[in-house]
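Just the one chain here, laid out as C-alpha coordinates, in the form predicted alone.
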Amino acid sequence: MYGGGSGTHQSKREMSLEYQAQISILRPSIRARRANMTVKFQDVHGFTVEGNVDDVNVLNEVREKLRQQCRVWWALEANKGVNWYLETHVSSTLKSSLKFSALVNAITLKRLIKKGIPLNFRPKVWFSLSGAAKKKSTVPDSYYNDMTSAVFDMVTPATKQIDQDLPRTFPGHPWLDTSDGHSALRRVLVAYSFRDSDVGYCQGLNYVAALLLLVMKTEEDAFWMLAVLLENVLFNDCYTYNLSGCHVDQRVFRDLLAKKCPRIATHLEGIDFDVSLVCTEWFLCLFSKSLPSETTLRVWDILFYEGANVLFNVALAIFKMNEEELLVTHQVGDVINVIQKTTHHLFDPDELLTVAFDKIGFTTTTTISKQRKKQEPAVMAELDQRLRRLNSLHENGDEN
(Lines give C-alpha, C1' and ligand atoms only; values in the text may rest on other atoms or scores of the structure.)
Protein backbone atom coordinates (compact mmCIF):
# COMPACT_ATOMS: atom_id res chain seq x y z
CA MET A 1 0.00 0.00 0.00
CA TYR A 2 1.03 3.54 -0.64
CA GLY A 3 1.87 5.55 2.43
CA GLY A 4 -0.05 8.75 3.25
CA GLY A 5 1.33 12.15 4.28
CA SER A 6 5.07 12.57 3.75
CA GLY A 7 7.30 10.23 1.79
CA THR A 8 8.52 9.76 -1.76
CA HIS A 9 5.06 9.75 -3.25
CA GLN A 10 2.98 12.87 -3.92
CA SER A 11 -0.08 13.43 -1.82
CA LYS A 12 -3.44 13.63 -3.57
CA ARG A 13 -3.59 17.34 -2.78
CA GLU A 14 -0.20 18.03 -4.39
CA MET A 15 -1.16 16.03 -7.48
CA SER A 16 -4.42 17.98 -7.71
CA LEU A 17 -2.62 21.34 -7.51
CA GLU A 18 -0.11 20.27 -10.17
CA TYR A 19 -2.92 19.09 -12.43
CA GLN A 20 -4.79 22.38 -12.04
CA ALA A 21 -1.64 24.33 -12.87
CA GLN A 22 -1.15 22.33 -16.06
CA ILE A 23 -4.79 22.77 -17.05
CA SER A 24 -4.54 26.55 -16.62
CA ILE A 25 -1.62 26.56 -19.04
CA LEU A 26 -3.36 24.35 -21.59
CA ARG A 27 -6.76 26.05 -21.35
CA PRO A 28 -6.86 29.87 -21.13
CA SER A 29 -8.88 31.37 -18.33
CA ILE A 30 -12.51 32.28 -18.96
CA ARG A 31 -11.63 35.98 -18.78
CA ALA A 32 -8.82 35.55 -21.32
CA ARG A 33 -11.09 33.66 -23.69
CA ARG A 34 -13.79 36.31 -23.32
CA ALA A 35 -11.25 39.04 -24.04
CA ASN A 36 -10.24 37.29 -27.28
CA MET A 37 -13.78 36.50 -28.42
CA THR A 38 -14.97 39.12 -30.90
CA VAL A 39 -18.70 39.73 -31.12
CA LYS A 40 -20.86 42.21 -33.02
CA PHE A 41 -23.57 44.10 -31.18
CA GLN A 42 -25.66 47.26 -31.42
CA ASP A 43 -25.02 50.24 -29.20
CA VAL A 44 -27.69 52.54 -27.77
CA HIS A 45 -27.87 54.58 -30.98
CA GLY A 46 -28.23 51.67 -33.41
CA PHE A 47 -24.61 51.47 -34.57
CA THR A 48 -23.19 47.98 -35.05
CA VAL A 49 -19.82 47.73 -33.30
CA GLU A 50 -17.29 45.00 -32.68
CA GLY A 51 -15.87 44.16 -29.29
CA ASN A 52 -15.38 41.39 -26.77
CA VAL A 53 -17.79 40.14 -24.16
CA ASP A 54 -16.41 42.60 -21.59
CA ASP A 55 -17.21 45.45 -23.99
CA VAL A 56 -20.82 44.24 -24.12
CA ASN A 57 -20.93 44.30 -20.32
CA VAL A 58 -19.55 47.86 -20.27
CA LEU A 59 -22.17 48.93 -22.78
CA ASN A 60 -24.91 47.41 -20.63
CA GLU A 61 -23.55 49.34 -17.64
CA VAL A 62 -23.68 52.53 -19.73
CA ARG A 63 -27.34 51.81 -20.58
CA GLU A 64 -28.12 51.41 -16.89
CA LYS A 65 -26.34 54.66 -16.01
CA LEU A 66 -28.39 56.42 -18.69
CA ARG A 67 -31.59 55.09 -17.12
CA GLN A 68 -30.48 56.26 -13.68
CA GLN A 69 -29.59 59.72 -15.00
CA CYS A 70 -32.99 59.94 -16.67
CA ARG A 71 -34.68 59.35 -13.31
CA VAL A 72 -32.57 62.13 -11.77
CA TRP A 73 -33.58 64.60 -14.50
CA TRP A 74 -37.26 63.66 -14.21
CA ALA A 75 -37.07 64.27 -10.45
CA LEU A 76 -35.46 67.67 -11.00
CA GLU A 77 -38.19 68.65 -13.46
CA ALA A 78 -40.84 67.61 -10.95
CA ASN A 79 -39.13 69.62 -8.21
CA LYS A 80 -37.77 72.70 -10.02
CA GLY A 81 -39.94 72.96 -13.12
CA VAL A 82 -39.68 71.73 -16.70
CA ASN A 83 -37.11 74.29 -17.87
CA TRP A 84 -35.19 74.66 -14.61
CA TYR A 85 -31.81 74.40 -16.41
CA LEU A 86 -32.48 77.66 -18.26
CA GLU A 87 -32.20 79.56 -14.98
CA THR A 88 -28.41 79.26 -14.83
CA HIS A 89 -27.28 82.86 -15.35
CA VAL A 90 -25.46 84.06 -12.26
CA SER A 91 -24.73 87.72 -11.56
CA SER A 92 -21.83 88.91 -9.41
CA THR A 93 -24.13 89.87 -6.55
CA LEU A 94 -26.63 87.35 -5.26
CA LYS A 95 -29.10 89.66 -3.57
CA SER A 96 -32.36 87.92 -4.29
CA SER A 97 -33.48 84.36 -3.70
CA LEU A 98 -34.02 84.08 -7.46
CA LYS A 99 -30.35 84.79 -8.13
CA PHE A 100 -29.32 82.34 -5.44
CA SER A 101 -31.59 79.79 -7.08
CA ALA A 102 -29.83 80.47 -10.38
CA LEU A 103 -26.47 79.77 -8.73
CA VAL A 104 -27.71 76.47 -7.32
CA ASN A 105 -29.12 75.50 -10.72
CA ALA A 106 -25.87 76.40 -12.48
CA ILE A 107 -23.80 74.24 -10.11
CA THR A 108 -26.29 71.38 -10.37
CA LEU A 109 -26.42 71.61 -14.15
CA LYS A 110 -22.65 71.61 -14.61
CA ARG A 111 -22.32 68.52 -12.42
CA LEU A 112 -25.15 66.72 -14.23
CA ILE A 113 -23.81 67.52 -17.68
CA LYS A 114 -20.44 65.98 -16.77
CA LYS A 115 -22.37 62.81 -15.85
CA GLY A 116 -24.24 62.91 -19.16
CA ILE A 117 -27.57 64.23 -20.41
CA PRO A 118 -30.13 61.41 -20.77
CA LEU A 119 -31.22 60.46 -24.30
CA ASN A 120 -34.76 61.79 -23.87
CA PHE A 121 -33.53 65.15 -22.59
CA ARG A 122 -30.68 65.78 -25.02
CA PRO A 123 -32.68 67.38 -27.86
CA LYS A 124 -34.29 70.13 -25.77
CA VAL A 125 -31.31 70.69 -23.43
CA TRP A 126 -28.82 70.97 -26.30
CA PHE A 127 -31.16 73.22 -28.28
CA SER A 128 -31.57 75.63 -25.37
CA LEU A 129 -28.10 75.69 -23.83
CA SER A 130 -26.12 75.81 -27.08
CA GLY A 131 -27.86 78.97 -28.28
CA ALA A 132 -29.57 77.21 -31.21
CA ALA A 133 -33.04 78.19 -29.96
CA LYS A 134 -32.01 81.84 -29.74
CA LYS A 135 -30.43 81.74 -33.21
CA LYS A 136 -33.56 80.18 -34.71
CA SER A 137 -35.76 82.85 -33.09
CA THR A 138 -34.04 85.62 -35.10
CA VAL A 139 -35.47 84.42 -38.44
CA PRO A 140 -38.99 83.64 -39.74
CA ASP A 141 -40.44 80.26 -38.73
CA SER A 142 -40.39 79.13 -42.37
CA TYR A 143 -36.65 79.86 -42.80
CA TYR A 144 -35.44 76.25 -43.04
CA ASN A 145 -38.31 74.99 -45.22
CA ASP A 146 -38.02 78.00 -47.54
CA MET A 147 -34.27 77.46 -47.91
CA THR A 148 -34.46 73.72 -48.59
CA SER A 149 -37.16 74.33 -51.20
CA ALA A 150 -35.19 77.13 -52.87
CA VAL A 151 -31.91 75.22 -53.20
CA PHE A 152 -33.29 71.71 -53.78
CA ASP A 153 -32.26 71.41 -57.46
CA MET A 154 -29.18 73.64 -57.41
CA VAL A 155 -25.84 72.08 -58.29
CA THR A 156 -22.61 73.43 -56.81
CA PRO A 157 -19.22 71.91 -55.95
CA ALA A 158 -20.53 71.56 -52.40
CA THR A 159 -23.67 69.65 -53.40
CA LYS A 160 -21.61 67.33 -55.62
CA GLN A 161 -19.29 66.50 -52.74
CA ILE A 162 -22.22 66.02 -50.37
CA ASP A 163 -23.82 63.53 -52.78
CA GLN A 164 -20.57 61.56 -52.92
CA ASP A 165 -20.25 61.48 -49.13
CA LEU A 166 -23.81 60.43 -48.25
CA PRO A 167 -23.29 56.65 -48.75
CA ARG A 168 -19.97 56.84 -46.88
CA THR A 169 -21.57 58.32 -43.78
CA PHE A 170 -21.99 55.61 -41.14
CA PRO A 171 -22.67 52.79 -43.63
CA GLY A 172 -24.83 50.04 -42.19
CA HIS A 173 -26.72 52.20 -39.72
CA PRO A 174 -30.40 51.12 -39.73
CA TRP A 175 -31.68 54.65 -40.47
CA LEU A 176 -28.79 56.85 -41.59
CA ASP A 177 -27.84 54.38 -44.32
CA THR A 178 -31.28 54.40 -45.96
CA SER A 179 -32.82 56.55 -48.67
CA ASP A 180 -34.77 58.50 -46.02
CA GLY A 181 -31.65 58.99 -43.92
CA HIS A 182 -29.58 60.10 -46.92
CA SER A 183 -32.30 62.53 -48.04
CA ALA A 184 -32.61 64.13 -44.60
CA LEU A 185 -28.84 64.46 -44.21
CA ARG A 186 -28.51 65.92 -47.70
CA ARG A 187 -31.15 68.58 -47.04
CA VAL A 188 -29.43 69.68 -43.81
CA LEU A 189 -25.95 69.83 -45.38
CA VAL A 190 -27.06 71.51 -48.61
CA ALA A 191 -29.11 74.09 -46.72
CA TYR A 192 -26.14 75.00 -44.56
CA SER A 193 -23.80 75.15 -47.56
CA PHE A 194 -25.99 77.97 -48.94
CA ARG A 195 -26.40 79.65 -45.55
CA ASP A 196 -22.63 80.06 -45.15
CA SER A 197 -20.74 80.25 -48.44
CA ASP A 198 -17.39 80.63 -46.64
CA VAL A 199 -17.83 77.13 -45.26
CA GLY A 200 -19.97 75.66 -48.00
CA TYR A 201 -19.34 72.02 -47.30
CA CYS A 202 -16.30 70.39 -45.71
CA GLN A 203 -15.76 66.64 -45.40
CA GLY A 204 -16.32 65.73 -41.78
CA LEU A 205 -19.49 67.78 -41.48
CA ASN A 206 -21.45 64.81 -42.87
CA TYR A 207 -20.62 62.77 -39.75
CA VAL A 208 -21.38 65.67 -37.42
CA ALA A 209 -24.72 66.44 -39.06
CA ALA A 210 -25.66 62.74 -39.14
CA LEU A 211 -25.23 62.40 -35.37
CA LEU A 212 -27.13 65.64 -34.83
CA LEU A 213 -30.01 64.18 -36.84
CA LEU A 214 -30.03 61.06 -34.68
CA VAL A 215 -30.18 63.10 -31.46
CA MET A 216 -32.42 65.99 -32.47
CA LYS A 217 -34.96 63.84 -34.35
CA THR A 218 -35.99 66.64 -36.76
CA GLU A 219 -34.08 68.07 -39.72
CA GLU A 220 -34.80 71.66 -38.77
CA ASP A 221 -33.45 71.28 -35.24
CA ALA A 222 -30.38 69.44 -36.56
CA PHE A 223 -29.81 72.30 -39.02
CA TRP A 224 -29.89 74.92 -36.26
CA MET A 225 -27.60 72.82 -34.06
CA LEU A 226 -25.13 72.64 -36.96
CA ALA A 227 -25.45 76.40 -37.44
CA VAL A 228 -24.78 77.27 -33.80
CA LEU A 229 -21.93 74.78 -33.67
CA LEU A 230 -20.10 76.30 -36.64
CA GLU A 231 -20.99 79.92 -35.95
CA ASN A 232 -20.77 80.16 -32.15
CA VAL A 233 -19.48 77.07 -30.34
CA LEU A 234 -16.37 76.08 -32.31
CA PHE A 235 -13.38 78.31 -32.94
CA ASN A 236 -13.24 80.34 -36.16
CA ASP A 237 -12.30 79.03 -39.60
CA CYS A 238 -12.23 75.31 -38.72
CA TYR A 239 -14.21 74.40 -41.86
CA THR A 240 -13.32 77.15 -44.34
CA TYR A 241 -11.86 76.25 -47.75
CA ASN A 242 -8.22 76.17 -46.57
CA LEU A 243 -9.01 74.69 -43.11
CA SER A 244 -6.88 77.41 -41.54
CA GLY A 245 -8.61 77.04 -38.17
CA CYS A 246 -7.98 73.30 -38.16
CA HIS A 247 -4.27 73.87 -38.88
CA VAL A 248 -4.13 76.36 -36.01
CA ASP A 249 -5.75 73.84 -33.68
CA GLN A 250 -3.13 71.22 -34.59
CA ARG A 251 -0.36 73.58 -33.54
CA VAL A 252 -2.19 74.50 -30.34
CA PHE A 253 -2.69 70.84 -29.51
CA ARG A 254 0.98 70.06 -30.15
CA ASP A 255 1.97 72.73 -27.62
CA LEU A 256 -0.60 71.49 -25.09
CA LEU A 257 0.66 67.92 -25.44
CA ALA A 258 4.23 69.07 -24.77
CA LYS A 259 3.04 70.91 -21.65
CA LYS A 260 0.59 68.33 -20.24
CA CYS A 261 2.26 65.09 -21.40
CA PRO A 262 5.97 65.94 -21.94
CA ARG A 263 7.20 62.33 -22.01
CA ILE A 264 4.77 61.42 -24.77
CA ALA A 265 5.48 64.57 -26.78
CA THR A 266 9.26 64.03 -26.62
CA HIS A 267 8.96 60.39 -27.66
CA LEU A 268 6.61 61.12 -30.57
CA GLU A 269 8.91 63.87 -31.78
CA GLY A 270 11.79 61.38 -31.66
CA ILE A 271 10.04 59.00 -34.06
CA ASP A 272 8.77 61.85 -36.29
CA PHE A 273 5.11 61.34 -35.44
CA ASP A 274 2.90 64.30 -36.33
CA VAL A 275 -0.17 64.50 -34.08
CA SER A 276 -2.21 65.84 -36.99
CA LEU A 277 -2.28 62.27 -38.36
CA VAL A 278 -4.94 61.46 -35.78
CA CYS A 279 -6.10 64.84 -34.50
CA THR A 280 -7.27 66.25 -37.83
CA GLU A 281 -10.09 63.70 -37.98
CA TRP A 282 -10.86 64.19 -34.28
CA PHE A 283 -11.29 67.94 -34.63
CA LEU A 284 -13.09 67.94 -38.00
CA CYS A 285 -15.50 65.14 -37.10
CA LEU A 286 -15.65 66.09 -33.41
CA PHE A 287 -14.69 62.48 -32.52
CA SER A 288 -17.81 61.07 -34.23
CA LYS A 289 -15.75 58.77 -36.48
CA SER A 290 -13.32 57.72 -33.77
CA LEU A 291 -15.20 57.17 -30.51
CA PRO A 292 -18.29 54.99 -29.87
CA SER A 293 -21.49 56.99 -30.36
CA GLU A 294 -22.55 57.50 -26.72
CA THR A 295 -18.99 58.43 -25.73
CA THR A 296 -18.96 61.00 -28.54
CA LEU A 297 -22.30 62.42 -27.43
CA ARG A 298 -21.09 62.69 -23.83
CA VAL A 299 -18.24 64.83 -25.16
CA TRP A 300 -20.81 66.87 -27.09
CA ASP A 301 -22.90 67.35 -23.93
CA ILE A 302 -19.96 69.31 -22.52
CA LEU A 303 -19.09 70.91 -25.87
CA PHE A 304 -22.51 72.56 -26.23
CA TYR A 305 -22.43 73.79 -22.63
CA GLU A 306 -18.81 74.80 -22.00
CA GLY A 307 -17.30 75.29 -25.45
CA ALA A 308 -14.67 73.89 -27.80
CA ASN A 309 -11.96 73.61 -25.14
CA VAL A 310 -13.37 70.18 -24.26
CA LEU A 311 -12.10 68.86 -27.61
CA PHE A 312 -8.51 69.55 -26.57
CA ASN A 313 -8.99 67.98 -23.14
CA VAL A 314 -10.43 64.81 -24.67
CA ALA A 315 -7.65 64.59 -27.27
CA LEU A 316 -5.03 64.96 -24.52
CA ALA A 317 -6.80 62.29 -22.45
CA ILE A 318 -6.63 59.76 -25.28
CA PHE A 319 -2.86 60.19 -25.48
CA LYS A 320 -2.51 60.14 -21.68
CA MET A 321 -4.49 56.90 -21.35
CA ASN A 322 -2.02 55.22 -23.71
CA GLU A 323 1.16 56.73 -22.29
CA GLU A 324 2.99 53.51 -21.40
CA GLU A 325 2.15 51.82 -24.70
CA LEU A 326 3.07 54.90 -26.72
CA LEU A 327 6.46 55.22 -25.03
CA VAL A 328 7.56 51.82 -26.42
CA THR A 329 6.46 52.45 -30.01
CA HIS A 330 9.12 52.78 -32.70
CA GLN A 331 7.18 53.61 -35.86
CA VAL A 332 4.44 55.99 -36.91
CA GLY A 333 2.12 53.10 -37.76
CA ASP A 334 2.52 51.65 -34.26
CA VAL A 335 1.34 54.91 -32.71
CA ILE A 336 -1.74 55.05 -34.94
CA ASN A 337 -2.59 51.42 -34.10
CA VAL A 338 -2.34 52.06 -30.34
CA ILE A 339 -4.53 55.16 -30.56
CA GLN A 340 -7.18 53.60 -32.81
CA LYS A 341 -7.39 50.44 -30.74
CA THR A 342 -8.21 52.55 -27.70
CA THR A 343 -10.63 55.01 -29.29
CA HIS A 344 -12.72 52.33 -30.99
CA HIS A 345 -13.26 50.51 -27.67
CA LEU A 346 -13.87 53.44 -25.33
CA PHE A 347 -17.45 52.35 -24.61
CA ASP A 348 -17.36 53.81 -21.09
CA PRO A 349 -17.54 57.62 -21.40
CA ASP A 350 -16.71 58.09 -17.70
CA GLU A 351 -13.33 56.42 -18.16
CA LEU A 352 -12.35 58.96 -20.81
CA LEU A 353 -13.86 62.04 -19.16
CA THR A 354 -12.31 61.26 -15.77
CA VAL A 355 -8.86 61.40 -17.37
CA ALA A 356 -9.79 64.45 -19.46
CA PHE A 357 -10.83 66.60 -16.51
CA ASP A 358 -9.45 65.04 -13.30
CA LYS A 359 -6.01 63.92 -14.48
CA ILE A 360 -5.17 66.28 -17.35
CA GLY A 361 -6.38 69.45 -15.67
CA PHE A 362 -9.01 71.70 -17.20
CA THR A 363 -7.96 73.76 -20.21
CA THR A 364 -10.04 76.94 -20.42
CA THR A 365 -11.49 78.50 -23.56
CA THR A 366 -9.51 81.65 -22.79
CA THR A 367 -6.26 79.67 -22.77
CA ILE A 368 -7.10 78.05 -26.11
CA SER A 369 -8.08 81.39 -27.64
CA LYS A 370 -4.76 82.97 -26.60
CA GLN A 371 -2.81 80.02 -28.01
CA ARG A 372 -4.78 80.17 -31.27
CA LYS A 373 -4.05 83.89 -31.63
CA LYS A 374 -0.37 83.15 -31.07
CA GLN A 375 -0.23 80.37 -33.69
CA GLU A 376 -2.43 81.98 -36.34
CA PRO A 377 0.19 84.22 -38.07
CA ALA A 378 2.55 81.30 -38.70
CA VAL A 379 -0.26 79.14 -40.08
CA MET A 380 -1.52 81.87 -42.41
CA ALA A 381 2.02 82.54 -43.67
CA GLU A 382 2.49 78.82 -44.32
CA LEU A 383 -0.81 78.52 -46.17
CA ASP A 384 -0.04 81.64 -48.20
CA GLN A 385 3.35 80.22 -49.17
CA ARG A 386 1.71 76.95 -50.18
CA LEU A 387 -0.82 78.82 -52.33
CA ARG A 388 1.96 80.83 -54.03
CA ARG A 389 3.81 77.59 -54.77
CA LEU A 390 0.70 76.00 -56.32
CA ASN A 391 0.00 79.09 -58.42
CA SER A 392 3.60 79.09 -59.64
CA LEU A 393 3.32 75.44 -60.63
CA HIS A 394 0.10 76.14 -62.53
CA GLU A 395 1.65 79.11 -64.34
CA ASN A 396 4.69 77.09 -65.35
CA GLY A 397 2.42 74.29 -66.52
CA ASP A 398 0.40 76.68 -68.70
CA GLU A 399 3.58 78.03 -70.27
CA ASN A 400 4.71 74.55 -71.21
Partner chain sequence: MASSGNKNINAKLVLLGDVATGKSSLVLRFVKGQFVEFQESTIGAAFFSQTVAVNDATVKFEIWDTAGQERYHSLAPMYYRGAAAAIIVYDITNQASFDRAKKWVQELQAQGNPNMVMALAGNKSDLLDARKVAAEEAQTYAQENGLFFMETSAKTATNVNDVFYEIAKRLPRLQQAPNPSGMVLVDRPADRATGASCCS
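Computed from a prediction, not measured in an experiment: that's the story for all the values here. Residue numbers count along the first chain shown, from 1.
As for the form predicted together with its partner chain, it is not shown, yet the points below apply to it.
If you check its partner chain in the predicted bound form, you find no heavy atom from any of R195, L230 and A308 within 4.5 Å. Exactly one of the stretches 124-132, 205-213, 76-84, 297-305 approaches its partner chain in the predicted bound form with heavy atoms within 4.5 Å, and it is 205-213. For the chain shown alone, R186 is not a contact residue for its partner chain in the predicted bound form, no non-hydrogen atom being within 4.5 angstroms. In the predicted bound form, no heavy atom of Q68 sits within 4.5 Å of its partner chain.
At least one heavy atom of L277 is located within 4.5 Å of its partner chain in the predicted bound form. For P167, a non-hydrogen atom is located within 4.5 Å of its partner chain in the predicted bound form, even though that partner is not displayed. The partner is absent here, but in the predicted bound form a heavy atom of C285, alone among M321, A265, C285, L119, sits within 4.5 Å of its partner chain. This chain lacks the partner; the member of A102, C261, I113, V199 within 4.5 angstroms of its partner chain in the predicted bound form by a non-hydrogen atom is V199. Contacts between 332-365 and its partner chain, taken as any heavy atom within 4.5 Å in the predicted bound form, involve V332, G333, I336.
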